[in-house]
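So this first bit is one chain, no partners, the form predicted alone, shown in structure tokens.
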């Protein structure tokens, strides 16, 4: 009994975790699915998760969508002829829905020109006290003529069987059962990349890689200096440097922009790289990790004649892989998703030096009526960080667990 409760508890826990995981991943799944749809498929009601395209057949030299209708117990494949006919939908006074006549219990669906209009009208009173007047028609059903109320009229499209043109019927084309198959529109990605998003992707990759490498180098050197090299005012200087984290970015925008203008770096990619290769957080992270490394290892290496530079790159760096991976992920995500600074220093007009975040704004403005194209651009921007995080997840968790708890 105890084991049964244990396994039931585990099963319930896993079910809840899977449910929450699906709930949290659903926006990402829907984005990826929509990025592989065409424009018409996006606005389908009810919405579909997978992209669908209509099955088509060549009829008289023209490709037409195929529909499935059951006629006399047999499912027939049919196509539209392009013709339509006006039908009347008839019923009796006790079966009509006064609030919405299209929801009435219809007795007969007859071409309006085959029904004979009489001079009679029937007035019915709604629940709110308002009156509704209906025309009376003579309709022939199974050889018998009956007088019925005209509930409403509707134009119906004509369908014909592919294998027998004598088999015809009329239906609403919008709600007719269309044959469809799952069809991923991979061409959306090529179309979006051709809208200068490929240049933005290259720029973003270049900026991100250089920022990540720059932050890793400066943080490793600074972390080693503040943790192992003895010099006057080291701790005070470190506290001042660490305190710069508390300065909001909005306070730095104007002086940084004026500095870029002074250096004539505005509207240039270099302005997205150089100001961000120094990070107090990265220096703090590496310092905390280096402090945890036993001093005996460093002292033994120095006694063997190793220089500090060799000790750093030969001993400390290999032992600090989790912390370096953690810093690389944080730096990558920040540089890849940066928006405000590129918007200020590059601007929307300089398309050549755009990064992805800026190009996505232009894409959303140009394709506001095509969400599939906008979400395709979003997918292109999101997939690289997701892949990087998944591949480096092991080191990320190790880095947080170790460097974040030791001081």
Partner chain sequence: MASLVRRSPRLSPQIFIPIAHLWNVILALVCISASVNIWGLSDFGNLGRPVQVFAAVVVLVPVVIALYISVGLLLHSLRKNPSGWLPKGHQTRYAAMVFYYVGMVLCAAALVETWAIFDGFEFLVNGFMANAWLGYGFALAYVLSWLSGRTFLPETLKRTLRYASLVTGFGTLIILLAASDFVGGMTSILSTYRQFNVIALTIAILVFAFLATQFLLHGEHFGERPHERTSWQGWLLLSPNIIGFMIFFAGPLLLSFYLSFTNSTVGRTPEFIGLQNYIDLMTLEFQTQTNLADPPQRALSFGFNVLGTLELGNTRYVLGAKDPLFWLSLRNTLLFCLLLVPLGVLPALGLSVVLNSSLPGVKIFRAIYFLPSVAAVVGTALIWRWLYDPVIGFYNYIITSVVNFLNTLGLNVVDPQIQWLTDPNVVLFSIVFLAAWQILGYNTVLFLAGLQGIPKQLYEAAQIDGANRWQQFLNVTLPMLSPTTFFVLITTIVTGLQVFNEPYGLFPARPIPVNATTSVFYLYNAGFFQFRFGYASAIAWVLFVIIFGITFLQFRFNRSNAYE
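In this text the structure is predicted, and so the values were computed from the model without any measurement. Positions refer to the first chain, counted from 1.
Below, we turn to the form predicted in complex with its partner chain, even though it does not appear here.
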Query raised in the report: So which of 117-125, 167-175, 276-284, 313-321 is the stretch with heavy atoms within 4.5 Å of its partner chain in the predicted bound form?
Result: 276-284
Query raised in the report: Quick one: of 213, 75, 270, 297, which gets a non-hydrogen atom within 4.5 angstroms of its partner chain in the predicted bound form?
Result: 270
Query raised in the report: Though its partner chain is not shown, can you say which of 202, 141, 132, 71 has a heavy atom within 4.5 Å of it in the predicted bound form?
Result: 202
Requested in this report: Give a yes or no on whether each residue among 246, 257 and 368 has a heavy atom within 4.5 Å of its partner chain in the predicted bound form.
Outcome: yes
Query raised in the report: Closest heavy atom of residue 66 to its partner chain in the predicted bound form, within 4.5 Å or not?
Result: no
Report task. Using a 4.5 Å heavy atom cut-off, state whether residue 252 contacts its partner chain in the predicted bound form. Result -> yes
Report task. Would you please decide whether residue 48 lies within 4.5 angstroms of its partner chain in the predicted bound form, comparing each non-hydrogen atom pair? Result -> yes
Report task. Indicate whether its partner chain has at least one heavy atom within 4.5 Å of a heavy atom of residue 99 in the predicted bound form. Result -> no
Query raised in the report: Which residues within 18-57 place at least one heavy atom within 4.5 Å of its partner chain in the predicted bound form?
Result: 18, 20, 21, 23, 24, 25, 26, 27, 28, 30, 31, 42, 43, 44, 45, 46, 47, 48, 49
